[in-house]
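Okay, so here's just one chain, in structure tokens, the form predicted alone.
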Amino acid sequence: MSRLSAQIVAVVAMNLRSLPSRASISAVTLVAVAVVVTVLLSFLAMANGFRATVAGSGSPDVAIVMREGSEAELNSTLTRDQVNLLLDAPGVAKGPDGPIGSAELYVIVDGIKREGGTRANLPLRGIGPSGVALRDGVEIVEGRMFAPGTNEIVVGQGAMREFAGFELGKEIRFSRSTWKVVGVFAMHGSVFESELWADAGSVQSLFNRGSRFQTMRLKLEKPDSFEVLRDFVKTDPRLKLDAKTEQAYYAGQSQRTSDLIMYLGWPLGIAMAFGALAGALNTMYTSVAMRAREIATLRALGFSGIATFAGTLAESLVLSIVGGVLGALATWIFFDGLSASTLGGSFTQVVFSFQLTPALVWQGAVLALVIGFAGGVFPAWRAARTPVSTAFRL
């Protein structure tokens, strides 16, 4: 090991061993960095959880057809004639009872959040006889499926968890009609668990929708059948509709909201980082001032300014890394797996869970290191320039 390397190791070790004697001022940096990392990671975990819930809901084997130009199910509309044409379209899979498709409605109803008691929009989806078969992994975990032609609904686990009044057997008032909860379903934590399902004909009748629908879901014969179906939808003048795979549709729906959450999280994290930087600078300048004689003595004994610079900068980086670890740990304890709901692309609530991943923790660690470096480099420069004469002052 070279003489300079040995000096750097010695000064770094000495600075780190002396940290407990400066615990009060060091805690300022630890807490500031921990808070910044916690805030940033909580936003990133929220965006990640929302994206995983929504984007992971679609299937590449199911096509969703909406009115041309519609970005969401809520502002689409389809006629009965269009639905019949789509059932006979090429590329649609057929079962024992004919083409596998579900003409559906998507209407907004009120829900009361369990926390706070505030009203929020919930999606009530009217589905056809093949609606459940089109969605892989649907499981009735309580009660039973609704009976066609009745005012019965089944509730997703996510909706029941976040909203009051949807327990099994409860009666709910929607559109001047009373609906009874007869079942609760699960679907691997997908966006569908945020919905209420009922018979499409009942929803049409009780919400005055006539014979119209909003979307058509079609099971594809095979994944590459989508191109054939899309060409048919585009070229038939009677349709004037757009077709997407369900996977592509939900990926687009998730991107806008998750991007919005991240656009809020990163600027807030950076703004708070400036506050943490001020705390780090104050801590390190105070540390250098408290150890001025010690630093000057090292210089008098032949230690270089580079070693002093490295020791002070390492102290700042270590404090920031520890603060970042504390912030990541706090996020994991208090936010990872936390259930929440927010508005999705159709202005209805989507229930999801925060998801903290190693990749997100790495982003928090990088921010902590940036704060540590910026907060330590200038005090380290001052330490490196401490005059040797300081060691001999009374």
Partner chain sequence: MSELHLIWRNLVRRKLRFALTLFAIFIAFLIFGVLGGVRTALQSGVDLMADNRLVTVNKINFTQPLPISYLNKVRAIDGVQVASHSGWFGAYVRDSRNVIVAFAIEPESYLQVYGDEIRLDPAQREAFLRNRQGMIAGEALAKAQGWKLGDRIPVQSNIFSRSDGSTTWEMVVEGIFRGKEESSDTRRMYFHYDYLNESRAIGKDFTGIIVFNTVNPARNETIARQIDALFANSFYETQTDTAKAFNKAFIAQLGNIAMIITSVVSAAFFTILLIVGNTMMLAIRERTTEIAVMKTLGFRSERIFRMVLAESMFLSLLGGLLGIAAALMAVAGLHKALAGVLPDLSLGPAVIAQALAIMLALGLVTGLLPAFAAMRLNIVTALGRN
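Remember, it's a predicted structure, so these values are computed and weren't measured experimentally. Numbering follows the first chain given and starts at 1.
Note that the form predicted together with its partner chain isn't included here; everything after this is about it.
- Answer option from 77, 297, 150, 84, heavy atom within 4.5 Å of its partner chain in the predicted complex: The residue from 77, 297, 150, 84 that makes the contact is 77.
- Item | Location of its partner chain contact in the predicted complex, chosen stretch of 93-101, 312-320, 219-227, 268-276 [non-hydrogen atom, 4.5 Å] | Looking at the partner contacts, the answer comes out as 268-276.
- Counting only non-hydrogen atoms and a 4.5 angstroms cut-off, does residue 186 reach its partner chain in the predicted complex? No, residue 186 is distant from the partner.
- Message: Is residue 69 near its partner chain? Define near as a heavy atom within 4.5 Å, in the predicted complex.
- Response: Result yes; residue 69 sits at the interface with its partner chain in the predicted complex.
- Message: Taking any heavy atom pair closer than or equal to 4.5 Å as contact, tell me whether residue 382 reaches its partner chain in the predicted complex.
- Response: So residue 382 counts as contacting its partner chain.
- Message: Please tell me whether any heavy atom belonging to residue 369 falls inside 4.5 Å of a heavy atom of its partner chain, as the geometry stands in the predicted complex.
- Response: It does not: once its partner chain is placed as it appears in the predicted complex, residue 369 has no heavy atom within 4.5 Å of it.
- Looking at its partner chain in the predicted complex, which residues in 145-164 have at least one heavy atom within 4.5 Å of it? None of them.
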